[in-house]
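Shown below, as structure tokens, is a lone chain in the form predicted on its own; questions about how it binds or moves come after it.
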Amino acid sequence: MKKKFLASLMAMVMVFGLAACGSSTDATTTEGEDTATTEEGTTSGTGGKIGVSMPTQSLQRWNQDGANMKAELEAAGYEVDLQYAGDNDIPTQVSQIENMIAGGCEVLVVAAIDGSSLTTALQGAAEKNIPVIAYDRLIMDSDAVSYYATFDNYKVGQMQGEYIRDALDLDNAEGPFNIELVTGAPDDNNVNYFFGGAMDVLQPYIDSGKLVVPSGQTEKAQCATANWSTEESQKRFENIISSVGYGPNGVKLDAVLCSNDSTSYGVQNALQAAGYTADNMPIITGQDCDKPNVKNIVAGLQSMSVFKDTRTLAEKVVVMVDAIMKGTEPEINDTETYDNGTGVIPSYLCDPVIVTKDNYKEILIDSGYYTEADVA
């Protein structure tokens, strides 16, 4: 995939104070106030019920996304129906969304498990003129989707590919270098952007022979990991280690492209079981800055992770919801990139940031995202 996607850099306006995040439950509905007052003293929120559908509680990032979303929306004066679809259970998510539509939700914010599985469920939203914001994952083949809010996912992949390129000094070093590729769920549309962005950077070096993939697994389908599962990633990489003969005293492994932290953690588990330590671990990428992965970054077991501050995304979606509820157009900064099969979806793209051992304190600790104890 050779397309280059343009994402404008937009300053994020802190419209609503970040409310403390309470514990999440599988189905939470809380009565909010009719209005809320922002730090600038203007009234925000018109009341009304907002449905928020998250895919799972088994991954840290979705727990945080859901909690942040709920807190921000309630602070803005809305009643929130927050629901998690078990452990990435599509029928559960479909049923929950149908219940939200029937239960009087006026806007839906949906992080889809499978971007192509919600067409029928969302038809009811279209019939009732309920706006739908696709959250972080684009919902495919549905004309019910009004807006898309996410991070610049192509840029995430680019950052990972560029990190490997620069760490190996591919433009100057002789090579060849051995690399393996690990991406996420094949039914997650974001994989096209994560994997595509990274491969746009790395493919020329593979084509020239500077980078070699000894397993031969270079296609997206070969590198996919169902449900972004740590366990599945670990199993696949154990097989790669065995088949290629990787090891501290075997075939040298220079880098592993991992599209997110859960798959990266599985790769690290497999490599540690094969005898790798912080002293000889290959370059390993990630995304999300999950706590166990940040600990491994500090310990030297993972090289980097792309940080997508869920507080920023939650704040932006709250502003979008508030605009919709007031009958105005939400701010968007991309009208070209994300076509869900029914047309290009107006989108707002937030900017990701690279986190390494050198800057994790500044980005994660000093900002209040984590405490020192969280990643000690």
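The first residue of the sequence shown is number 1, and the count goes up from there. Nothing here was measured: the structure is a model prediction, and the numbers come from that model.
Another form, the form predicted together with beta-D-galactopyranose, is not on view; read the next lines as being about it.
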Just one of 293, 160, 233, 260 has a heavy atom within 4.5 angstroms of beta-D-galactopyranose in the predicted complex, so which one?
260
Picking from 81, 74, 180, 136, the single residue whose non-hydrogen atoms come within 4.5 angstroms of beta-D-galactopyranose in the predicted complex is 136
What I'd like checked is whether 194, 228 and 308 together line beta-D-galactopyranose in the predicted complex, meaning each has a non-hydrogen atom within 4.5 Å of it.
yes
Based on heavy atom distances of 4.5 Å or less, which listed stretch (336 to 344, 66 to 74, 318 to 326, 53 to 61) is in contact with beta-D-galactopyranose in the predicted complex?
53 to 61
Verify the contact flag for residue 188: yes if a non-hydrogen atom of it lies within 4.5 Å of a non-hydrogen atom of beta-D-galactopyranose in the predicted complex, no if not.
yes
Is there a heavy atom of residue 287 no more than 4.5 Å from a heavy atom of beta-D-galactopyranose in the predicted complex?
yes
